[in-house]
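Form predicted alone, single chain, as structure tokens, below.
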């Protein structure tokens, strides 16, 4: 883009289309499968910075990762990004970059299950932690200790879509000299830009909505250049850099991010409102439904009125009828992931949260009848009609 300002969606199409150190600008991004690069006799390139064209070994620097990182940095409104082998690779690398033995971590009590396991593993390395309800900023403030170095949570919880007040959490973190790290996978920067709200680093599982086609495993982290240079150093040592082909796939998919996310979020809103009116549905968890408890926070977080493409709803806890409901569905199908262009669902009580004690499930609102939905790009009317007929299993 030369001397004009264009819309975000248009700009996103053209970010990351240049290979650093290459004059060619192909219409489709090239795929660099080489594991190493000839420095052409220029020893200065061996230790060149990321701004320079020093490609030597694929684990440390890679053209495809740089192209995707440039695109993600623009999406997140950050200064620098790192691309990882998975979302968990991003979380692990970032947390171990800013925490050491003797430090204290405050983490959300509704984190992704394997993120919780990672936090518990970190205790084996001398890192203390406290799990807190991140929908209660005062509870987070009370959990702060003199050695608190990181506050880590998710913008929206899985599966009940409880929101975190990112601005309030940033004030708490910076007030005690800690860093706020937010996993924004559930809603993406297309809906909420956490760095603009005060987060120091934002993490995404690119496997989900950013890629959107259920065919790549990847993660990312974005923040200031100062912080991300530290993360990139650890990434190289830990060996958590993203693979070339997955990186190429995600970069390709990001060209349709605006089209996909706009449709998916609009569909989620329409489906949530329809489910709320269905006589067989007990409760719907989505920011735009009438009984959603965090309306004011949702209005501040989602300034453009679109609230992500994830929702959950509760049916009567009758396993036989739930199974019948699932069999009746024609479009939505069961899948242990989220963020694809096709609508999928999962049953948290028997999947992501199956190992939690019953009393903890109850406290989190995870009942036998709760179903999590990742809304796709189908026609909203088709989705609503399909769910409506399937719910007649409870007649």
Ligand SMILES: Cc1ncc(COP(=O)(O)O)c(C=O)c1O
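No experiment lies behind these values; they were computed from the predicted model shown. Residue numbers count along the first chain shown, from 1.
This next part talks about the form predicted in complex with the named molecule, which is not shown.
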{"property": "Residue contact check: residue 240 to the named molecule in the model of the complex, 4.5 Å heavy atom", "result": "no"}
{"property": "Partner proximity in the model of the complex: residue 297 to the named molecule, non-hydrogen atom cutoff 4.5 Å", "result": "no"}
{"property": "Contact test in the model of the complex: residue 338 vs the named molecule, heavy atoms, 4.5 Å", "result": "yes"}
{"property": "The named molecule contact at residue 91 in the model of the complex, heavy atom, 4.5 Å", "result": "yes"}
{"property": "Listed residue (218, 169, 195, 178) with a non-hydrogen atom within 4.5 angstroms of the named molecule in the model of the complex", "result": "218"}
{"property": "205, 312, 235, 264 - the one with a heavy atom within 4.5 Å of the named molecule in the model of the complex", "result": "205"}
{"property": "Per-stretch contact check against the named molecule in the model of the complex, the hit in 318 to 326, 282 to 290, 245 to 253, 206 to 214 (non-hydrogen atom, 4.5 angstroms)", "result": "206 to 214"}
{"property": "Residues 86, 154 and 185 all lining the named molecule in the model of the complex, heavy atom within 4.5 Å", "result": "yes"}
{"property": "Residues in 100 to 115 with any heavy atom within 4.5 Å of the named molecule in the model of the complex", "result": "112"}
